[in-house]
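You are given structure tokens for the same protein chain in two forms, set apart as structure 1 and structure 2.
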Structure 1
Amino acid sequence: MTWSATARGAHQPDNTAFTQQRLPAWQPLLSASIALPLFFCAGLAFIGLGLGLYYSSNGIKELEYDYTGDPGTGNCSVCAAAGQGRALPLPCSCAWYFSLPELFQGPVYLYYELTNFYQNNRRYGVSRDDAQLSGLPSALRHPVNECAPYQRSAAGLPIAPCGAIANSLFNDSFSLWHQRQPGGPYVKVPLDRSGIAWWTDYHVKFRNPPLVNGSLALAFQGTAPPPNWHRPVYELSPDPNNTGFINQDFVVWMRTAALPTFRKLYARIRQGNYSAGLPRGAYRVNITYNYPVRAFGGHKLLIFSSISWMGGKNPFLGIAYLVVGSVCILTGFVMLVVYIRYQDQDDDDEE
């Protein structure tokens, strides 16, 4: 106790730097002279960064194709027209032909893109049950109320996976064929569809319910698939490590997109001869056209994209850095002018 040692008055305040508000302080005095180097340094750094970003973004190739099937945009318009007005469109196939004049530098990622699709709509976004998806048996039978109206089927069975997000699972599928020589046969390009979801999602967050007698189907017994689904969840894929709740497409879909126009990874091309990228030649993408987007004015796109250290193609960052860097330099010059002019004045004042 400090007070017991001193003989001063009982009410005398402590005379410390803190109580007397005399703590040593850094007192930034913002003025042109101080900010001048800062602006130039920051400007240069930003321009440097911007250039790097710009060029690496420019180096990324993208190839996209809108297969929504607007009339006159290819053979998918047939499917689009066929599916119009139906709640559950008929299975339909169409194809996208393209040719690459040169090597499409790998690794190449295949994305599908939906536009005008509000996955971030609040009522849509909350319509899921993470507990169910993590394989909790009780949650499997009793989906949360947020899933309503996709909580229980008309028969009263719990829907697995429940909710609007799962119900609207993207169900188009693509296969890529490569024609090495003109007129030659189309060779199927192997699409690596594993590892398209986040590792943690696939390994931790999404779990199948415990198998019953070694069978996933039995584990899901007593549940109903979402109304829009043609297959039960345990039949999403024949691969036992890719079916049920841990189907990669499903996991990817369940990570709801932030913006109404979004891409989702479909596959990576990195196997066999295609590990370096897509060699030049003609290609065909076979599209199983299931997913209706015309009702909400959306579009479906297929995108081949290479990738760099900064991810996909994005010129914005580079340009923004360049602009900000230039603005900084410019401000720096303004500061310089200010500094030179008003420094003189200050000197005058001093005298």
Structure 2
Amino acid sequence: MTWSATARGAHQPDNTAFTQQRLPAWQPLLSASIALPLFFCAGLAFIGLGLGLYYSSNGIKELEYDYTGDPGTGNCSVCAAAGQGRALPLPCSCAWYFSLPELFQGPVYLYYELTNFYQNNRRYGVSRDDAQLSGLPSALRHPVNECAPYQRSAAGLPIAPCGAIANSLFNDSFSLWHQRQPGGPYVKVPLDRSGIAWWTDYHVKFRNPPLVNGSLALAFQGTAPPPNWHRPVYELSPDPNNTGFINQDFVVWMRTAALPTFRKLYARIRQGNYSAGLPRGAYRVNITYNYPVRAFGGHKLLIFSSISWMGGKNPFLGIAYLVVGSVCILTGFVMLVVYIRYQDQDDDDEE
């Protein structure tokens, strides 16, 4: 059988503008007069935005202190040496003294930073039970297998919260004191510990199980805390709106970091006489040293930081825009040279 253009076969599309690709279309021809300005304009825009981001990041003040306790680095080295080789270090306290010659512009955020801690490890990242963290009573009694070996205690009780992430909860604590006059007493600076977790985490993902006779402790009855915890989850805070699975510090920790060096928000300084920032004077940070990091070669840092319209200090984004803008400008100049170099040759060929 001879195929005919007029005969409609089983696999022949309809004779419409859409199926036969006859719809009107814009088919631009990118000439040098169009491409070169695009490269130069895009490059200038990226460079301008990159300069704004870079200088905005550099304008953010930061004050950091490594309190890991390496020998000869401060009084926290005593705590580090006392906890060396212990799975659960003994409670220990140390202090960091510093002074500010001028106002540390607010709002001031207090972070802790850990290094060489791989929260992005695959098995570590899945070692949690989201159903249990959402407050389901059935999941509270029957943790998922991904939580192993922190699924059940030695006595066979289900661990709540289960998993390696919860078991490694950061448990150092800090308090800030201000000496307004030389030789005067230290006054405690209020630290706002509320609202430090993501809104969706605190209000959606993490919920406590239903109370039993009005008691959260009875709701967790028959469960065991993670092995590295000194107290059960329902005693994380005396505030009933900040304990159990909805404890702000716990929720912040459970949002794992993508890189081995990361910061997590501990508190904001924005109350009372410190709403505008930290005034000049001498300061002391009392540190409750609990969290061991020297066993895996990590470091612990305490960081005071201000913010800008772009957030915290992060020069990478500005540098990235500057690099992309510079590449666009350089590409534009290369294309311009090539165009000028071969334009005369094209004119001669046409003649």
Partner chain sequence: MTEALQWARYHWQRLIRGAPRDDDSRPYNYSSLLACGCKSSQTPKLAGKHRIVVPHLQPFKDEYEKFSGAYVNNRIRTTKYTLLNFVPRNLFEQFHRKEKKYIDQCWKDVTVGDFIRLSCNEVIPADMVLLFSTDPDGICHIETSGLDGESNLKQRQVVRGYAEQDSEVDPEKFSSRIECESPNNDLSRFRGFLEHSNKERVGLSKENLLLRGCTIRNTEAVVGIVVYAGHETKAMLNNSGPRYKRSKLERRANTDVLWCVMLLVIMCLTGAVGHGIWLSRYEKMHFFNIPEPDGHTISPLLAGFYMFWTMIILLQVLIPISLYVSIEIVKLGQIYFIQSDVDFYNEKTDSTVQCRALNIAEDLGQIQYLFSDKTGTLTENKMVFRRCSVAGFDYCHEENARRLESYQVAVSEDEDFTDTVSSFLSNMAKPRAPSCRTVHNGPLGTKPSNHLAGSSFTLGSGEGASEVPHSRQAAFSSPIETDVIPDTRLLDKFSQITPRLFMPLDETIQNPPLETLYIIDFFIALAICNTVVVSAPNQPPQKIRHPSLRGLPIKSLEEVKSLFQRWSVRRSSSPSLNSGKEPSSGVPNAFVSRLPLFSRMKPASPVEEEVSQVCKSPQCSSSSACCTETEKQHSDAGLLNGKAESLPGQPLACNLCYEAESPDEAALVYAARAYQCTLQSRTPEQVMVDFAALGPLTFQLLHILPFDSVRKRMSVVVRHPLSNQVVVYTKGADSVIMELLSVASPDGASLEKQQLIIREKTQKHLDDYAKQGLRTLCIAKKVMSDTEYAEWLRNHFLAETSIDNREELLLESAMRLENKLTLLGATGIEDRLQEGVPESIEALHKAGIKIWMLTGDKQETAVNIAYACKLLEPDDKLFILNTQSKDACGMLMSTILKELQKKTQALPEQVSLSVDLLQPPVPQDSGLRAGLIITGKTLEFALQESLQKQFLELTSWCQAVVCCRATPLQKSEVVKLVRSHLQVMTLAIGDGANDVSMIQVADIGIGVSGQEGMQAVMASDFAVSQFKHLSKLLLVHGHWCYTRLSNMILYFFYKNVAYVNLLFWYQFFCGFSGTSMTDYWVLIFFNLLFTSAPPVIYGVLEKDVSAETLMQLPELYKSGQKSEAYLPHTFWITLLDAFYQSLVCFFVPYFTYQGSDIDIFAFGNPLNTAALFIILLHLVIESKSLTWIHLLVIIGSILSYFLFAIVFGAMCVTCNPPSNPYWIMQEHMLDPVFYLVCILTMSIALLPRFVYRVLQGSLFPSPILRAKHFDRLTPEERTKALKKWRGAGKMNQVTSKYANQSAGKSGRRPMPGPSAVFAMKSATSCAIEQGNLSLCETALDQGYSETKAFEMAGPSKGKES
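None of the values given here were measured: they were computed from a predicted structure. Take the two forms, find the largest set of C-alpha atoms that superpose within 1.5 Å, and that set is the rigid core. Each residue is numbered by where it sits in the sequence of structure 1, with counting from 1.
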{"item": "Form predicted in complex with the partner chain - which displayed structure it is", "value": "1"}
{"item": "Core-superposed C-alpha of residue 29 shifting 2 Å or more between structure 1 and structure 2", "value": "yes"}
{"item": "Residue 323 C-alpha moves between structure 1 and structure 2 by 2 Å or more, core aligned", "value": "yes"}
{"item": "Once the two forms are fitted on their core, CA shift of residue 332 between structure 1 and structure 2 in Å", "value": "2.6"}
{"item": "Following rigid core superposition, Cα shift of residue 16 between structure 1 and structure 2 in Å", "value": "4.4"}
